[in-house]
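Only one chain is given next, in structure tokens, and it is the form predicted alone.
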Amino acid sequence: MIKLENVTKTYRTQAFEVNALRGVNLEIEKGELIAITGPSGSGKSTLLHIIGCLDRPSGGVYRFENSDVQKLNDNDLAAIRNRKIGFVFQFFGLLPQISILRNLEIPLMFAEVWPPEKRRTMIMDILTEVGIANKANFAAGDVSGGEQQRVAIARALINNPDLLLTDEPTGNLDSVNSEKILSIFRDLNQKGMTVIIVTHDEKVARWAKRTIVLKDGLIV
């Protein structure tokens, strides 16, 4: 599903340059549950952003489902992100003043696939799956942190992606809510979804079937 060959990423300013990735080689099969760990500044989030087509490598080759990502234009990459990949971040990224239902409807509108009458059924089904259907009409900012993360997961899943990418998804949650969120990821993986979790927490990493450790931009 994913293949990186000698992938590098360098960030440059007038004052300095940072080699965030220094030659990463990695293959991920469809249906895996993987944790990416390492100290702060090791390149974890950079690697996740490249895998998720949010950023492009400076060098090397990245293939997603046999497509050479460097050869795709911005519209192609946007289509992959919208239809193939779901994202869950530490800071939920919800629009707090509008309803949970509306937060989930927006990515469906961008996909331009589903008619309005179908969207509500899809939204309620996915909210039921993550256990928060009873809060559908609440403003996203009026529910707890654990519930907001469930909404963020539901939003990531709304277009039925093949790949779920999560960056410190339990970083703002207590231990009880963390375990609930990780249980959702495990259940999704058992249904066939590929799940990648970036975390600095060893307890979170232990939920994965395989762990990738980064240090100074390299897999160690």
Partner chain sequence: MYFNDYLELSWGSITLNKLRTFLSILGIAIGTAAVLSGIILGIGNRESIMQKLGGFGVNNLWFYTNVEEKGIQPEQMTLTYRPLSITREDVDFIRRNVSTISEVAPFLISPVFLRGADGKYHTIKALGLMLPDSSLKIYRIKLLEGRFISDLDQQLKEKVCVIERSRFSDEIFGVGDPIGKYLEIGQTRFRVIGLVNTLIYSFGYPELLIAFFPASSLQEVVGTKDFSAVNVLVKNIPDVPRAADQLKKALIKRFGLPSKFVITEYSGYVNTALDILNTLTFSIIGIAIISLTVGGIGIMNIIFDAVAERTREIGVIKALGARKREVLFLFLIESIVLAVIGGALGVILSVTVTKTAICLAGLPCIVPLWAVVLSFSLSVLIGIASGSYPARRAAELDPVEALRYG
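Residue numbers count along the first chain shown, from 1. Bear in mind the structure is a predicted one, so any value in this text is a computation, not a measurement.
Another form, the form predicted in complex with the partner chain, is not on view; read the next lines as being about it.
Asks: Examine residue 74 and determine whether its closest non-hydrogen atom to the partner chain in the predicted complex is within 4.5 angstroms.
Replies: Yes, contact at 4.5 Å.
Asks: Even though the partner chain is not shown here, does residue 124 get within 4.5 Å of it in the predicted complex, heavy atoms only?
Replies: Taking the distances in the predicted complex, the answer for residue 124 is no, it never comes within 4.5 Å of the partner chain.
Asks: Is the gap between residue 54 and the partner chain in the predicted complex 4.5 Å or less for some heavy atom pair?
Replies: Residue 54 belongs to the contact set for the partner chain.
Asks: Could you tell me if residue 146 has a non-hydrogen atom within 4.5 Å of the partner chain in the predicted complex?
Replies: So residue 146 does not count as contacting the partner chain.
Asks: Each of 131, 150 and 185 near the partner chain in the predicted complex, meaning some heavy atom within 4.5 Å?
Replies: No, the candidate spot makes no contact with the partner chain.
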